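Quick heads-up: it's one chain on its own, the form predicted alone, in structure tokens.
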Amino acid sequence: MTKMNVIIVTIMMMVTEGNKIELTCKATPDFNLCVSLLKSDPKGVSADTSGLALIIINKIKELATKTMNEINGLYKTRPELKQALDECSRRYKTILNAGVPQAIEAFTKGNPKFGERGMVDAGVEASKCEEGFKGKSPLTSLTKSMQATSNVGSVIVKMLL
């Protein structure tokens, strides 16, 4: 193979790998969010569908951690929200301690059905957290992000089933 052929094959592989993200994201409910999440991880360009699902579950983990940090800060600045914050804290701990590990294990062991459950549960837990504030939530942007990320992830997982 000549140098030129190697360069052409390499470029074609890069284009194909980049298109994998876009093709996958077209099937999700939020194309732009999906592309943004997957391209923000350097492994996204070369990941297979299972790898893309793992990237999303790691984004869910990051977002849940960020939300827990916000909840912990709100305990100090908004003590009147303690009851709702307690509920949210419990729900986000469930995401971090049960849903995310379950999903990671499922994807790494090739059992995506159980990974889907972890993705879906993250969105459900975020919704339940939001409801606890009865319309006055200081976490709305974070919970909406979790719901959207969960929705994107669950569609990607369904591609594996």
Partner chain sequence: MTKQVCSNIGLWLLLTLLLGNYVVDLEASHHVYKRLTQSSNTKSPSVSQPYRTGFHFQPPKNWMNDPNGPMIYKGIYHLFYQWNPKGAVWGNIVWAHSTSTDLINWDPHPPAIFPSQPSDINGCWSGSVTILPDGKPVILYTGINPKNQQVQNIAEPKDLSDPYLREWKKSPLNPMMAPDAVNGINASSFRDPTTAWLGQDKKWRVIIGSKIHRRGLAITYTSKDFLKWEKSPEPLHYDDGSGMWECPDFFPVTRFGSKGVETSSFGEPHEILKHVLKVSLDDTKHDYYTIGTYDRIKDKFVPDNGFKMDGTAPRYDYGKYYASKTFYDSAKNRRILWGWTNESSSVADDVEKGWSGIQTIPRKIWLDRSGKQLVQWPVREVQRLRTSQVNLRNKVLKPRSKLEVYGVTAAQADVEVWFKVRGLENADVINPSWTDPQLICSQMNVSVKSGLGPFGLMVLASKNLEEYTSVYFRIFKARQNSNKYVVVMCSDQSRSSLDEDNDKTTYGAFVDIDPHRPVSLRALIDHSVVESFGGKGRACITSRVYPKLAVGTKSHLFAFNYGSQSVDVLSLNAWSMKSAQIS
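Owing to the predicted nature of the structure, the values given are computational and were not obtained by experimental measurement. Numbering follows the first chain given and starts at 1.
One more form of this protein exists, namely the form predicted in complex with the partner chain; it is left out here, but the text below deals with it.
Undergrad: Can you check 26 to 34, 108 to 116, 132 to 140, 39 to 47 and let me know which stretch has heavy atoms within 4.5 Å of the partner chain in the model of the complex?
TA: In the other structure, the partner sits against 108 to 116.
Undergrad: Looking at the partner-bound form in the model of the complex, is Leu160 within 4.5 Å of the partner chain by any heavy atom?
TA: Taking the distances in the model of the complex, the answer for Leu160 is yes, it comes within 4.5 Å of the partner chain.
Undergrad: Within 4.5 Å, heavy atoms only: does Arg90 come near the partner chain in the model of the complex?
TA: Yes, Arg90 sits close enough to the partner chain in the model of the complex that at least one of its heavy atoms falls within 4.5 Å.
Undergrad: Whether Thr94 contacts the partner chain in the model of the complex should be assessed with a 4.5 Å heavy atom distance threshold; does it?
TA: Yes, Thr94 sits close enough to the partner chain in the model of the complex that at least one of its heavy atoms falls within 4.5 Å.
Undergrad: In the model of the complex, does Asn58 have a heavy atom within 4.5 Å of the partner chain?
TA: Heavy-atom contact with the partner chain at 4.5 Å: absent for Asn58.
Undergrad: Run the contact test on Lys66, Ile71 and Asp86 with a 4.5 Å heavy atom cut-off to the partner chain in the model of the complex and return yes or no.
TA: Judged in the model of the complex, none of Lys66, Ile71 and Asp86 sits within 4.5 Å of the partner chain.
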